[in-house]
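What follows is one chain in structure tokens, specifically the form predicted on its own.
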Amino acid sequence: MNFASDNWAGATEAVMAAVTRHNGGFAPGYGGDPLTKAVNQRFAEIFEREVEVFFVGTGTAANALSMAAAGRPGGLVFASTEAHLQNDEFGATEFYTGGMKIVPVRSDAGLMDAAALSASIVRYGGRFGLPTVLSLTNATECGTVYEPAAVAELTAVGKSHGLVCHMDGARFANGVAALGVSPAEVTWKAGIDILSFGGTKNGCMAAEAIVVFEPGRFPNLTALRQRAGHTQSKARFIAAQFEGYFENGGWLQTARHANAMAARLTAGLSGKVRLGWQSTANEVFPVLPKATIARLRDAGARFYEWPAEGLGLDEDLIRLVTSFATSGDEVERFLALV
């Protein structure tokens, strides 16, 4: 019963088969191989337009280098209070941008609204720095998702102040699967300029990409990636992971499965325990008595406590994350123990 993180799951059979398939022989390095070029074209097909794709090894690198590409001295990055680049990346954005400041925008279960964003830009812009980037996470760290209309409303606010609009898509597949829309609808068609596209949480070994929706918009990205040590010499192995990931629409099938397992958890917990909020992707946040949490761990369940306010002394909010590898049996065993 492992609900610690989708990072804990392995890689899918399709991804592993693709890596093995492309392991033989020789191929040009640093992205000059035919497979990398073919996968770049696959990204263009998925997003329904010409795009630039930059492979990197981690989601943190994708986020930080995206910020650096859009950065300027004294720049401000507006992100949710729950954003990964704000809470979990050890100052990577500040480091790679030469000191740009992240401004946390008040959010509700990971989702910011246009009024809060506008107020933050007005409050901090000019006086504390230069408004430069808006970063949205979809699906969010709270398992919630932005509808395309919500993305468009937020990016409209950002663009009215000259901001570059970025999306952290570490769980992008889960967000797209939950929304039931095309990848284009929730990104560039809704005003997103640059995307951190994650594969690692949804069945790849280590495959992340920066996707630029207007090729040539960020000319320094090649140099920034090289200087950061994320220009992969054997880029074909990241490309191979993405080839297997996209094969027969598998990337959305695995995301739908993870989301469905989370929905089963939500249905089984609802009415029996309190949920921190309603989520629609692959993360569920129940409030449980500490005695129950200890009993679950003794029975072999794996999960993390999640920071929260307004809890009783004898209870905690926990995070349950499902993945492509989560089974229905694991879910039912966990619910029975609760």
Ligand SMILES: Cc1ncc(COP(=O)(O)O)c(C=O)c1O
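Numbering starts at 1 and runs along the sequence shown. This is a predicted model, so every value here is computed, not measured.
Keep in mind that the form predicted together with this ligand is missing from the display, and what follows is about it.
Trainee: Select from the listed residues T280, T292, N40, T58 the one whose heavy atoms reach within 4.5 Å of this ligand in the predicted complex.
Mentor: Contact with this ligand in the predicted complex is made by T58 alone.
Trainee: Just give me the single entry in N174, T137, Q241, T187 that has a non-hydrogen atom within 4.5 angstroms of this ligand in the predicted complex.
Mentor: None of the others qualify; the residue that does is T137.
Trainee: Just one of 163-171, 178-186, 260-268, 112-120 has residues with a heavy atom within 4.5 Å of this ligand in the predicted complex, so point it out.
Mentor: Every other range fails; the passing one is 163-171.
Trainee: Residue-level contact is defined here as any heavy atom of the residue lying within 4.5 Å of this ligand in the predicted complex; does D193 satisfy this criterion?
Mentor: Residue-level check for D193: no, no contact with this ligand.
Trainee: Taking heavy atoms and a 4.5 Å cut-off, does R256 contact this ligand in the predicted complex?
Mentor: No - in the predicted complex, heavy atoms of R256 and this ligand never come within 4.5 Å of each other.
Trainee: Please determine whether H84 contacts this ligand in the predicted complex, using a 4.5 Å cut-off between heavy atoms.
Mentor: So H84 counts as contacting this ligand.
Trainee: S66: heavy atom within 4.5 Å of this ligand in the predicted complex?
Mentor: No, no contact at 4.5 Å.
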